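Take a look at this one chain, the form predicted on its own, written out in structure tokens.
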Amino acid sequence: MNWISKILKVGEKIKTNIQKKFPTKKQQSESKWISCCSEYPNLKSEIFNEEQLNTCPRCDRHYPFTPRERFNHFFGKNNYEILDTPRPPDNPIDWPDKIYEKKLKKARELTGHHCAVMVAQGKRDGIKITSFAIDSRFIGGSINNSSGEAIVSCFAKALEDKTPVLGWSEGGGQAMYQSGIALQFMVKTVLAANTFKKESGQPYINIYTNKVYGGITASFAAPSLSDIAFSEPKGTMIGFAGQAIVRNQTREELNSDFQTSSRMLEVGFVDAIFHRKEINDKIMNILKILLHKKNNEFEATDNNTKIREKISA
């Protein structure tokens, strides 16, 4: 037995011992318990239900929503239309052995849609809204050519129908399996958003959810691009590179609140943080202000101070 075989054998022993001590992903998914709060585990049934909306009743941690769950929660169950989005070639740079195509196939079987982004259109409080949502189950929510075209088509449809755009952003950034093709959609989605805002005069509201990193935060989900940037609370992380990468590159200890939504609020990266149970009403309040509609006792205005007062109310 040569030294390479010995190292491989030792590695397999280490892997086996780790698997014995820690549950596998399959065991975790099949378990009825979830480690959420530091004090004790919670039953999944206490978190993943219509009343709790995938949020922990003890620590308020927000677990991810799928796009359909987002749309059901915001518009009302099945009270919206899922829009078709473009389907460009899956493997434009021709990866060998169809590696990327196999990943796409697995993701499509898991999520039921052809890319990480879904686009829907519906009405809430009499206002027609075009919305997109990203699904992190689809290869980490990475933006490839199909996902990028879905974002672009969302803004194009909103421009055509003169509706506001509501974005639910999450994911790890651009799909590196598509290299420069994916990277160009950083530019294309920004151009689509700017064209929509300039030509339609309609607002664009972006909500940060789950983990938002890379080319997503640096393009269509940039706070400077949207009119209003909201965030969900505990569980939402916002940045360009993840904590582990930043820590390894800088060789520095990071603050416990590094990249958290609460820290992003302090530095002005987001305008407000709201619990999932209340965020829909807050979105509609600000939309009515931006669309110059009366909202109960508050008269719509362009005054930024009054808008911020209304957001935090």
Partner chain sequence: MRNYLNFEDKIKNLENELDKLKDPYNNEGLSEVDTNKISKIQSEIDEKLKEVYSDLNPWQITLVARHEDRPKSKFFIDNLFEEFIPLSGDRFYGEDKSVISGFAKFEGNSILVIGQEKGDDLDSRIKRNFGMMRPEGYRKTIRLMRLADKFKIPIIFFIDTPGAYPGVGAEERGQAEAIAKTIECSMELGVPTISVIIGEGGSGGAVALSSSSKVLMLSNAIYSVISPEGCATILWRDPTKTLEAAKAMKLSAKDLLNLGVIDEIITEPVGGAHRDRDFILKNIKNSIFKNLNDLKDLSRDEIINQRKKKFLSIGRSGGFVTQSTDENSLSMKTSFFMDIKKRIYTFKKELIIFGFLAFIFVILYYFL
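These numbers come from a predicted model, not from an experiment. Positions refer to the first chain, counted from 1.
The same protein has a further form, the form predicted together with its partner chain, not shown here; the description that follows concerns it.
In the predicted complex, no residue of the candidate spot (G122, N280 and I286) has a heavy atom lying within 4.5 Å of its partner chain. Shown without its partner, this chain lists P233, G239, G112, G140 as candidates; in the predicted complex, only G239 has a non-hydrogen atom within 4.5 angstroms of its partner chain.
For the residues E81, E101, D161, D84, the 4.5 Å heavy atom test against its partner chain in the predicted complex is passed only by D84. With its partner chain omitted here, the record of contacts in the predicted complex names 182-190 of 68-76, 125-133, 161-169, 182-190, defined by a heavy atom within 4.5 Å. Not displayed here, its partner chain is kept clear of I205 by more than 4.5 Å at the level of heavy atoms in the predicted complex. Within this chain, F269 lines the site of its partner chain in the predicted complex, having a heavy atom no more than 4.5 Å away. Using a 4.5 Å cutoff between non-hydrogen atoms, K197 counts as a contact of its partner chain in the predicted complex. Although the partner is absent here, T55 sits far enough away that none of its heavy atoms falls within 4.5 Å of its partner chain in the predicted complex.
Along 224-255, residues S224, L225, G239, F240, A241, I245, V246, Q249, T250, L254 each place a heavy atom within 4.5 Å of its partner chain in the predicted complex.
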